[in-house]
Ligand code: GLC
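The chain below stands alone, shown as structure tokens; this is the form predicted alone.
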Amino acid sequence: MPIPVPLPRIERFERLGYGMFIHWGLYAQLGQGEWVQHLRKIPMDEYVKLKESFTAQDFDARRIAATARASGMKYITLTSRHHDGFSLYDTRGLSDHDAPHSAAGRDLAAEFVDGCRAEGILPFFYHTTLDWYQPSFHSDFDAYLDYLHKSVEVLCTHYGELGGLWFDGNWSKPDADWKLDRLYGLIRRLQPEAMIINNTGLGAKGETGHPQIDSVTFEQGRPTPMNREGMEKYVAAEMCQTMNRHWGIGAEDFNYQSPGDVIENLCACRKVGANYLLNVGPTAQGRIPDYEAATLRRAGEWIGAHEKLIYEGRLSAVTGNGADFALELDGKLYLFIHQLSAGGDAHVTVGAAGAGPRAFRGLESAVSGVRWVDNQEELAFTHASGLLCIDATGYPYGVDRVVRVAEVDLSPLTLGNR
């Protein structure tokens, strides 16, 4: 069955490839993750007092956007409102539980979009659909949905053109009528080119939903290939993941990803054509912690060496073994090789003994050469009956690129796509 052609906004989204997720709100001051009010059973009338110390004095939206850009990220998704009901934007009379009514006294969402645009980053808004602050969420759901939809209308009308709206929380009431036609219709009217994403949660990774949804989500789990044959609409895919074990900052969480982890996870997403949305949890007053910023920038150096390929490389019919895979770009084939060893004296080299033959299947075009992208070293290869086997040499001592890319020169026969 045919695969539908992606709408322009969805095709643009896929080419963004890599984005920053930001979970930040009142909960950051407690340093115990974004669910602290609910999990610690903090009475809401006590929790809201955190507004009195929420100055956002270290929140520099342009600096954050510059960090994202230097890290190879093309878009940022900010928690404009999380489950505690506190909004980083001016709700314009809908509630006083927002940033302008806190010690910050500012519309932080407005600063966010301005900072993004100054750095060439596309702004997205996360918005909860679950709300612990609003009593009507439990007592009068229709009234709550009116409040929610008016809140989204504010975001769609006061912050310029948005990359998308990213919702989360429908899983809290799986049997409720969320009036999605009305919500998504509002967005399509006010932000026709915005992506609409609604997180299906940890237990429903990759599930499709309402016809207006533009991308499925893979929360905290590597994406699997999308089977789009026979779909009425081409739907993108996005993996969202934390740097550690919390979305909001965890002051006692020391279990962080390394730059190598980030590179491998990004490659795992691009292997199946999915975007990678990687979260940071800013400090109480709005600064990205040093380790997270440094990790992103270091991984960004690897991305910079393969920039066009990461953003624009297309899925290939050529397949490798294990984590190895191939992408196509500009009439060439690129092989992504994992777990290579480094050369050097036996007294100083450690790591996987991964150098040697690597096989790729499904390549019918003639091959005239294979070389590493990073140092242009020519690689020995054999190619017959669609099977390409390359001699993947190890890294020179002092080098470990985590995932190494080889460029394959092909005859002008047409490559397979998607």
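Note that residue numbering begins at 1 and tracks the sequence as displayed. Since we're looking at a predicted model, the values are computed, not measured.
One more form of this protein should be noted, the form predicted in complex with alpha-D-glucopyranose, which is absent from this view; the next part is about it.
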* **Contacting member of 83, 338, 306, 97, with respect to alpha-D-glucopyranose in the predicted complex [4.5 Å, heavy atom]** => 83
* Structure fact -> Note: exactly one of 326, 187, 240, 236 sits with a heavy atom within 4.5 Å of alpha-D-glucopyranose in the predicted complex, namely 240
* Structure fact -> Only one of 34-42, 360-368, 59-67, 379-387 sits within 4.5 Å of alpha-D-glucopyranose in the predicted complex by heavy atom distance, namely 34-42
* Going by a heavy atom distance of 4.5 Å, is residue 23 a contact of alpha-D-glucopyranose in the predicted complex? -> yes
* Asked: Does residue 244 make contact with alpha-D-glucopyranose in the predicted complex, using a 4.5 Å heavy atom cut-off?
  -> no
* Interface membership of residue 171, alpha-D-glucopyranose in the predicted complex, 4.5 Å heavy atom rule -> yes
* **Contact label in the predicted complex: residue 126 to alpha-D-glucopyranose, heavy atom within 4.5 Å** => yes
* Asked: Considering only 185-223, what residues come within 4.5 Å of alpha-D-glucopyranose in the predicted complex, judged by heavy atoms?
  -> 199, 219
